[in-house]
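Single chain ahead, by itself, as structure tokens, in the form predicted on its own.
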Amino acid sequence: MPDLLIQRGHVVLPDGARQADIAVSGGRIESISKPGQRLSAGNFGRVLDATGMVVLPGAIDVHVHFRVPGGERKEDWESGSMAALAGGVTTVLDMPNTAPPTTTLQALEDKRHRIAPQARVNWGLFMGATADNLDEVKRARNIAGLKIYMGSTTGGLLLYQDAPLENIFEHYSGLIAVHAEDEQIIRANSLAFQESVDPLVHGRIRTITSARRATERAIGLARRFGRPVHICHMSTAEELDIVTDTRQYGVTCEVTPHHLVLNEQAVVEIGTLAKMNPPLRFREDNDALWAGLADGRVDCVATDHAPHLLAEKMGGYWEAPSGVPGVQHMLPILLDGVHFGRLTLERVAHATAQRPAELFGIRGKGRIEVGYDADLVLASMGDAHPVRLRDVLSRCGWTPYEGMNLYGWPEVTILGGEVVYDRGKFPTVVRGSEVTF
């Protein structure tokens, strides 16, 4: 007997959205009803009525920092997973700037050992680039790719010198993901503004020019050596123009929810809570990134979920760490964009599930299609509801989106055919699995 039937949902399929029933068996999608047809409920162990709800593929967040090992006081895989599931995110790819960083085979295997008993979502791992670890990275099995930090940020990973960068782009055949900020510009501007304590100075130090030059440099290396490169957390209209002009060379990109809906006004309002790398920009950058997401020039949305404790974030400008939580609120923000006509449901599904799976070669995920894993989210598109502090599930306990009224909220999240989140409750604990790339 099939395990689960989802009835009467407005299902976002690869070829468009329509009303359909979905049958799930053995953790995978067994069948999808044809237009105008229904599946009989009598053949199923459990039936979910999705009337009035949108059914999307579970979101794949390709850029999170779940802080294990070394930062468990801010987040771990239990709290991070719960925040993800409440936000309709069923798979995450974790970044390497932990303590110690994921730069060796030993560190990679230790991280896997720590994550497996805790994770309640599916997961994959990046390794981080140093000047001398390329041989280790090339021997690693089943990683998402290699992350290069061209500008300094949380943790000690940093690589901006010509020779090691050229060596990586010439000899690493996997996907290269880049934090594209120019370290030399950052250092020069940090000296120039060292007496300032205004949080707005962050955008004067990590300028649009810094982002543009690093992006141009990374793409130049990728073109020179014929490698794919993925530009992380793109924040400016200028970067979008550069990526658009070079897409034929295998350049891809992501944007974050905070770079879509927040700008320098948020820094004025909440100060160092809005400090992140790269910084918040301007309203015209918000508008350009929304437009790029809507028309497909932006490949995917990823949160750069980077929690820090509230006490740390409330320090002075120079002391407060960069980073904000986001995995719980990515889909609500994008579904709110659907409500106001910025996006279609099909674009949301493509940018949060199908395209991430394609970019990183994640098997069995990203689409509502027969044979694919039954990682699904049922979302309500009805009345607006505020983002409330008491609902935040990340261990850090705060969100930069507090008070925003959003249309479109995940109601039910399904992982491998099991209902793991249901309207604020977690009825079943399912351990996620490491994805296969």
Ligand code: DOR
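Note that residue numbering follows the sequence shown and begins at 1. Since we're looking at a predicted model, the values are computed, not measured.
Note that the form predicted in complex with the named molecule isn't included here; everything after this is about it.
Enquirer: Name the residue from 322, 130, 207, 252 that puts a heavy atom within 4.5 Å of the named molecule in the predicted complex.
Expert: After the contact test, the surviving option is 322.
Enquirer: Pick from 149, 123, 77, 360: which has a non-hydrogen atom within 4.5 Å of the named molecule in the predicted complex?
Expert: If I apply the 4.5 Å criterion carefully, the residue I get is 149.
Enquirer: So if I measure heavy atom distances to the named molecule in the predicted complex, which of the stretches 217-225, 270-278, 130-138, 157-165 falls within 4.5 Å?
Expert: It is the stretch 270-278.
Enquirer: Within 4.5 Å, heavy atoms only: does residue 246 come near the named molecule in the predicted complex?
Expert: Contact with the named molecule, no.
Enquirer: Looking at the partner-bound form in the predicted complex, is residue 97 within 4.5 Å of the named molecule by any heavy atom?
Expert: Result yes; residue 97 sits at the interface with the named molecule in the predicted complex.
Enquirer: Tell me, yes or no, whether residue 304 is in contact with the named molecule in the predicted complex, where a contact means a heavy atom of each within 4.5 Å.
Expert: Yes, residue 304 is a contact residue.
Enquirer: Is residue 153 one of the residues lying within 4.5 Å of the named molecule in the predicted complex, judged by heavy atom distances?
Expert: Contact with the named molecule, yes.
Enquirer: Within 4.5 Å of the named molecule in the predicted complex, counting any non-hydrogen atom, which residues from 172-186 show up?
Expert: The stretch touches the partner through 179 alone.
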